[in-house]
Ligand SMILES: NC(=O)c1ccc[n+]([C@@H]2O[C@H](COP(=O)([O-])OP(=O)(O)OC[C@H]3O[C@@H](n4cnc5c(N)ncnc54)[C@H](O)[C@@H]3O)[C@@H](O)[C@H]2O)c1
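Here you get one chain, nothing else, as structure tokens; it is the form predicted alone.
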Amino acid sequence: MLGRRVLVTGAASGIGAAITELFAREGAKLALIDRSDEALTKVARACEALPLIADLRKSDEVAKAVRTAAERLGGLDCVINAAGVLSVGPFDQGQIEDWEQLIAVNLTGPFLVCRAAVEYLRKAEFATIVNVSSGIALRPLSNYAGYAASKAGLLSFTKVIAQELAPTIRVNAVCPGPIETPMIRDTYPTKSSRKKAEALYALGRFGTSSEVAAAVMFLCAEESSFITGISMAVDGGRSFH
């Protein structure tokens, strides 16, 4: 990753922050997009990265942030869409605002970022896009209707643009299971709910952000040069049950 120019969304916390930290250690030049100013500034300072505040639901803010990233980094080699939101509950009891938020951040956001970044990626010698979807997209669970729909849509979007952008740009997705992040800890707040969830996974535990970051790095590296359009499960074995 030495010298690679990388844009990461959702970089202020969780998986996005872990990706940022790993790529920084490997010598990448980084630009980070998030809407959390204080948290993003902290991560950016630690990783010597460029922080950019933007709402991924707004096309003008996304376009400006991506343009600024490309100008400051001297181009783009990798785009990683790690931003995401989660809402859980029976679909017929949910609010339309929750559904719209899930689709806007988890699906429309990556679309806007990729659309804004593609002109810069086409100029790179070895360009990649990695979209962070979810294991729920591969094997849905009850009460995740909006989240599953948004993340499954992201997988289809990934496969379509992998075909459209080949052979110049490789596009792949990773599908994490439950990862030790604040979002997941809020979803499974008790020991009993956590143990019940962990029992669904062959490895019997939740994953870590660093494990997902390693998968993302592989898909951005030359070692995966003959891989495009895949949905890589990083879910402890639930998707093959």
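Numbering starts at 1 and follows the sequence shown. Note that the structure is predicted; figures quoted are calculated from it, not measured.
Missing here is the form predicted in complex with this ligand; even so, the following discussion is about that form.
Contact with this ligand in the model of the complex, defined as a heavy atom within 4.5 Å, is made by all three of D55, V105 and S134.
Among V113, I169, C78, A83, the residue placing a heavy atom within 4.5 Å of this ligand in the model of the complex is A83.
Though this ligand is absent from this view, in the model of the complex it lies within 4.5 Å of a heavy atom of just one residue from S193, S59, T68, S36, which is S36. Contact annotation: G14 falls within 4.5 Å of this ligand in the model of the complex, judged by heavy atom distances.
Although the partner is absent here, A44 sits far enough away that none of its heavy atoms falls within 4.5 Å of this ligand in the model of the complex.
A residue is said to contact a partner when one of its heavy atoms sits within 4.5 Å of a partner heavy atom; P182 meets this definition for this ligand in the model of the complex. Here the chain stands alone, but in the model of the complex its contact with this ligand, taken as any heavy atom within 4.5 Å, falls in 125 to 133 among 125 to 133, 70 to 78, 88 to 96, 160 to 168. Contact residues in stretch 144 to 160 (any heavy atom within 4.5 Å of this ligand, taken in the model of the complex) are Y147, K151.
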